[in-house]
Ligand SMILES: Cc1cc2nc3c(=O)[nH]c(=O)nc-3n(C[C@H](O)[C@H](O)[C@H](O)COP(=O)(O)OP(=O)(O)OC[C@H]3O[C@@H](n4cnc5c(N)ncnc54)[C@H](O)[C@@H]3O)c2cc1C
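Taking the form predicted alone, here's one chain by itself in structure tokens.
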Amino acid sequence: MSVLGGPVGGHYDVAVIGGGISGVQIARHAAGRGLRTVLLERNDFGAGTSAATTKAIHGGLRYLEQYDFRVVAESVSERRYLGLAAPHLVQPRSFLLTAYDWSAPRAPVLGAGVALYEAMAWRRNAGVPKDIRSPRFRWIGKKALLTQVPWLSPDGLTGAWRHDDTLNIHPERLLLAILKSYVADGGTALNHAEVTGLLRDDAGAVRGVRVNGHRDIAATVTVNAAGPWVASALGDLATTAGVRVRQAKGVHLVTRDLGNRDGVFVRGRNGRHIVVNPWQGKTLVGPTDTPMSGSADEAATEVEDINLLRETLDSVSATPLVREDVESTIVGVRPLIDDGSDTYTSSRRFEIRDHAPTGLPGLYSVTGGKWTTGRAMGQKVTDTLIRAHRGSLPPTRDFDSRHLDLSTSFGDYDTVTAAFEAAAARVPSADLPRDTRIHLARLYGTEHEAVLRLVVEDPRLATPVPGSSDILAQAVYAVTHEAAETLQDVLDRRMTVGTLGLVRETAARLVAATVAPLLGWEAERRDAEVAGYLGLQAAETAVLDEAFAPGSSR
């Protein structure tokens, strides 16, 4: 268990279970209102659903087809707020909404939907740095589209509507930046801290949590925001609380660069939508969005998931995907409100449930929601708690996060480029090339200077990590300043090397050797961490090999 923020102890106003984007935003807003808050994550911050994305902060254009106007209206506003708060990590991305003569809705209807979508986002460029503002939507004809997206099949293609959404460049780093803003407001966050029970008083009210089986943390209000683990976090009380959540498994393929510079929304001939999104020299293809039962801990990419994505993409591609195209996969489980629809069309709204009517006052559960609307959800949950417990919580202050920079954001620059140029000149004694400096500035914001100073103190930490733009100083910083405890914490959620596909064994061993002394690992533990990490990759590779094997069922 590691701690960010103040020491753990005493009585808290709010305890939040879950260190994904939902829990982090709830904790941030509770602390922002002046409430003494602690956040507890059973694994690592952002280790679950929050990292398994298409790398998009989107307004929910697809939800217009389901007439979910409320979610779309909220999403386009929240997309802008997040871009204002962290323009170094959130930037516009053009998307192409393809139209076919065999697919409904047809191009004119799609165009009307895009026009409505843009009208709902009419303030999208207000206050945004000049170099990352979004242009107006427009129609791309078939000939031009095939030039821009070389893998598309021309069969039945009529063109595409181009519109802008937002790219979540590094969701793991963005979540950490929001978490650090929470800590800067006085919050405390613990990872590898599993809630194993709830504390109850003589009247049955929930008065805090038990962590890792032995440590009690008292709190006036407990919020369960554990995502797909929202029921398991309550243990035997889940049935009493009536907590039920539908699980949707989302699998993405990470492929070589397929050639398109804009994201592409396509509807396959099987009726399913996918996004083909260029990112960091790779292309993300997905998600599957299929129902899942059982524990989210067991979520893994299966042959059926890969084949569903291949079937969808190949039906609109000039040439089918082959094994050499696909480097790795990403899998996550999303918690959805059980509204009776299938997981593909289920609402992305969130739900706040007060468990007082079921005999558990002081306990709330939050289900549903998504990355884009996390800020609004955090605000609404906190407002709900304060209204309901005004008599037992201390006086609160105003906190409007809509126009607040994150604590590590660069501040007032006319352009993001200007911010990066200024950052590249910091700590000139650190012997690093300009591209590495820009890379660090994007990942860490204002904290990049602390990483640079590590290089000044020990020039060996300027050593590049194979297969990425990362350097060893980031591994050190992950342990000393960002509560990383395992090799996977470091590679997958503090650095970028683990997010880009399969990590080379040389890179894994180099990083493990760097952090081992800081974490007190002997050679046996160090080697076990490397073996465990490489073993997960080997299992993933085996599934891909099976899916693409000759004779594999499609």
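The numbering used is simple: start at 1 and walk along the sequence shown. Note that this is a predicted model, so its numbers are computed, not measured.
Below, we turn to the form predicted in complex with the ligand, even though it does not appear here.
A.B. asks: Taking G18, G48 and G332 as a possible spot, do all three reach the ligand in the predicted bound form with a heavy atom inside 4.5 Å?
C.D. replies: Per the other structure, all of G18, G48 and G332 touch the ligand.
A.B. asks: Using heavy atoms only and a 4.5 Å cut-off, determine which of A225, A475, L363, L440 is in contact with the ligand in the predicted bound form.
C.D. replies: So the residue touching the ligand in the predicted bound form, by this definition, is A225.
A.B. asks: Could you check which residue among L35, L40, V511, V503 gets a heavy atom within 4.5 Å of the ligand in the predicted bound form?
C.D. replies: By the 4.5 Å heavy-atom cutoff, the listed residue in contact is L40.
A.B. asks: With the ligand left out here, work out from 190 to 198, 410 to 418, 258 to 266, 455 to 463 which stretch has heavy atoms within 4.5 Å of it in the predicted bound form.
C.D. replies: Residues of 190 to 198 come within 4.5 Å of the partner.
A.B. asks: Considering non-hydrogen atoms and a 4.5 Å limit, does the ligand approach V497 in the predicted bound form?
C.D. replies: No - in the predicted bound form, heavy atoms of V497 and the ligand never come within 4.5 Å of each other.
A.B. asks: Taking the shortest heavy atom distance, is W279 within 4.5 Å of the ligand in the predicted bound form?
C.D. replies: W279 lies outside the contact set for the ligand.
A.B. asks: Would W229 count as a contact of the ligand in the predicted bound form, using a 4.5 angstroms cut-off between non-hydrogen atoms?
C.D. replies: Yes - in the predicted bound form, heavy atoms of W229 and the ligand come within 4.5 Å of each other.
A.B. asks: Considering non-hydrogen atoms and a 4.5 Å limit, does the ligand approach A56 in the predicted bound form?
C.D. replies: A56 belongs to the contact set for the ligand.
A.B. asks: Heavy atom within 4.5 Å of the ligand in the predicted bound form: which residues of 359 to 376 qualify?
C.D. replies: Read in sequence order, the residues that approach the ligand (within 4.5 Å, in the predicted bound form) are G369, K370, W371, T372.
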